[in-house]
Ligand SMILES: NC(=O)c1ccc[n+]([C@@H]2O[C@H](COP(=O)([O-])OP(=O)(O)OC[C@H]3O[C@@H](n4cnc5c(N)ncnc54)[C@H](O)[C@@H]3O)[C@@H](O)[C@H]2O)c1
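Heads up, the chain below is alone and in the form predicted on its own; it's given as structure tokens.
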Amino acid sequence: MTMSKVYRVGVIGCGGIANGKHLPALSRQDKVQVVAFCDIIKERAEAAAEQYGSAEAAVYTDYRELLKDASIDIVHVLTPNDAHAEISIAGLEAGKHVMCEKPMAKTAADAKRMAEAAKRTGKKLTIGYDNRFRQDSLYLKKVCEAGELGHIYYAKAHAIRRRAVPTWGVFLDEEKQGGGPLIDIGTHALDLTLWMMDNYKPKVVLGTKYHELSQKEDAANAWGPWDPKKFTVEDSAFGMIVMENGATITLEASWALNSLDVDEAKCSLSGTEAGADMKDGLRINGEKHSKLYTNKIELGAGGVAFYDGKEEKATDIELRKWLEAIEEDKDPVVTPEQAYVVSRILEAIYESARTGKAVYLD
């Protein structure tokens, strides 16, 4: 699709997720100009503007000032979780379309306010669940939509790291983030699972969370030892979700766990006609002619999505689809309503872990 205009984008939050994901993807889009950069640390915004900005790019330390620029069409909100709702709602009310990084918000109440603001303003809002745009995810979604798995009544959402605790930024700060691996990477696995099932009606949630390894000194870790005194979030969390139609989902999330069964942002599905998992590539399993089968899908050169002759990264597909939703005035691939359900379930797991009781959702 050819864009009819060049979209002017403002980026709020110029830290790791901005520089590692959003800004590189934005720089690869012909019909995008990043014209405004905001960060509470001015030097970060200046560095991002120098590398990725247009010639006239402006730098801000207050997002409210950025939002006053009427020429900006889209803002990407890339801050710690506790600021997602405030900034996203302000962006929508300022007449901007908003891409907010995952999770939607620190709390389900804030996520709901964001969805309501999008409806009220008529502006687009999407959440950065980029794992939907991987090749295995896109293929499996087609399988599910074609009904090849039948009725999916059991699923597992996988987000297990053995020792990969993010020790930078505010990842270990419960006040800023709202939680640890569950809200950080568990959110991706849960979003992927619900999307495959096309089931957004949870009924009851039971959850547990642990601080078993977080207090170890000089621990082995991908990014160096963590400081136990600063590790205020869980190191692992687990949930069981029963949907209104009786389907069951188990969710597992950890930054540190004594397990060799390591998978992140993946799901396993069990349906009445077949099953699927992402644990060793993408595999479809089932029964035909009284015999069991396992098919491994080849996602190499013959099955890779191309756009204008170039192989696309998942983050590029995510961004392209987001711009198409704005251009064609249609729902984004990740809708606010879907992301809100993810936030409700995550919050219910935390609540259940805190109270020791199941949480019933209306």
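Treat the numbers as computed from the prediction; the structure is a model and nothing was measured. All residue numbers are counted from 1 along the displayed sequence.
If you look for the form predicted together with the ligand, you will not find it shown, but the lines that follow are about it.
A heavy atom within 4.5 Å of the ligand in the predicted bound form is found for exactly one of 184, 148, 263, 174: 184. Only one of the listed residues (225, 169, 95, 281) places a non-hydrogen atom within 4.5 angstroms of the ligand in the predicted bound form, and that residue is 169. Of the candidate stretches 34-42, 66-74, 333-341, 51-59, only 34-42 contains residues with a heavy atom within 4.5 Å of the ligand in the predicted bound form.
Under a 4.5 angstroms non-hydrogen atom cutoff, the ligand in the predicted bound form lacks residue 286 among its neighbouring residues.
Proximity of residue 80 to the ligand in the predicted bound form falls within the 4.5 Å heavy atom cutoff. Taking the partner from elsewhere, residue 277 is found to have every heavy atom lying beyond 4.5 Å of the ligand in the predicted bound form.
Contact annotation for residue 349: none of its heavy atoms lies within 4.5 Å of the ligand in the predicted bound form. Taken together, the three residues 12, 103 and 188 all come within 4.5 Å of the ligand in the predicted bound form, as judged by their closest heavy atom.
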